Ligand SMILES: Cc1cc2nc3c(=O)[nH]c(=O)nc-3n(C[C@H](O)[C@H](O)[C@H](O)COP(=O)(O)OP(=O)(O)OC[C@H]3O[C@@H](n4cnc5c(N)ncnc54)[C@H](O)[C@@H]3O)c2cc1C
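Just one chain is shown here, as structure tokens, and it is the form predicted alone.
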């Protein structure tokens, strides 16, 4: 019988197991896949966006207010710089991007996971890979153990860190929710977050796939009213759009999907007031009457997308500025500020980097990560209803809540 059993060897589970064992508990870390930290390995495109830099209150502001209130105690117990110090003290070199995201300099997510495993080894955590949990056993409101593919494991202190339902191939297939619901927990409906967005095919063309727009604003509208926006880079795919902008607004889009059309549009000049863009377009037109209209925005819009922009502005591709009427020029300015991408068809839950929804936060003590429903049960990470934006926020939430869950379980 282990003092503490942790189910799920992702970011939250690794830190929970390490913290519990570092306090003297005997710990078994159970993982159904054949490797440690699978979602860490694919984070940041394999580079691993470790956490987000800056004052903790600024980090917390990136979350929804109720989520920020919930993770605040954990984040102050295990701050963003602490996970960085754990990694750098064992050879990882990191740098902070201007947007606050912290990445390894010349190493990868594999190196991050290797260092985390070394911490587990130091405190003798018993890691059991390819061991699937089938059920959680509890009697009279108290944890008694788990049933696994290798047999039962008794314990009276169980940390559940199995994640959500995004990227099923990584092992996060929503297993934990039925177990926890069976124990009396409320499961907030899971929905996509940090996901690509699929669009109706009418506006998409095969040649758009792979085209990237830099430093633009992607907006989502429902029934014509703006519901969210995100400024950054946008990537076209064969099914719709991805990249930081799409990931940034995907949660809101998923929540508003249904009950009316949701559409996307792009502001190609988000840092320029509308009147300034119109004036600059006029000045360019007057100074370059023999140049084709596309030359005004060709440095902003890749060649494969230029005809799409002109078509939406109802301007022929061969038109020169000397032949461009005022009405057409104004229409072009409007198009550059609101390029219509079309209607949203789907926001795939399984493609999201994280899952919104999960165990209701009202049913977990934010100071200890203890279940309010079952004695001896501790929850951390994405299995709960927490989903921050892109930028290292979700790993920080996972590390912090895992730290507190492991600490509390060891001291229980």
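In this text, all values refer to a predicted model and were calculated from it rather than measured experimentally. Positions refer to the first chain, counted from 1.
Below, we turn to the form predicted in complex with this ligand, even though it does not appear here.
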- Item | Interface segment, criterion being heavy atoms within 4.5 Å of this ligand in the predicted complex, picked from 54 to 62, 377 to 385, 339 to 347, 361 to 369 | 377 to 385
- Query: Might residue 171 be said to contact this ligand in the predicted complex, defining contact as any heavy atom within 4.5 Å?
  - Reply: yes
- Can you check whether residue 373 is within 4.5 Å of this ligand in the predicted complex, heavy atom basis? no
- Query: Is residue 163 close enough to touch this ligand in the predicted complex, meaning at least one heavy atom pair within 4.5 Å?
  - Reply: yes
- Item | Close approach of residue 17 to this ligand in the predicted complex, 4.5 Å, heavy atom | no
- Heavy atom of each of 84, 158 and 406 within 4.5 Å of this ligand in the predicted complex: no
- With this ligand left out of view, choose which of 309, 133, 138, 253 has a non-hydrogen atom within 4.5 angstroms of it in the predicted complex. 133
- Query: Which pick from 119, 167, 297, 284 sits with a heavy atom within 4.5 Å of this ligand in the predicted complex?
  - Reply: 167
- Query: If we check this ligand in the predicted complex, which of the residues in 1 to 24 reach within 4.5 angstroms of it by a non-hydrogen atom?
  - Reply: 7, 8, 9, 10, 11, 12, 13
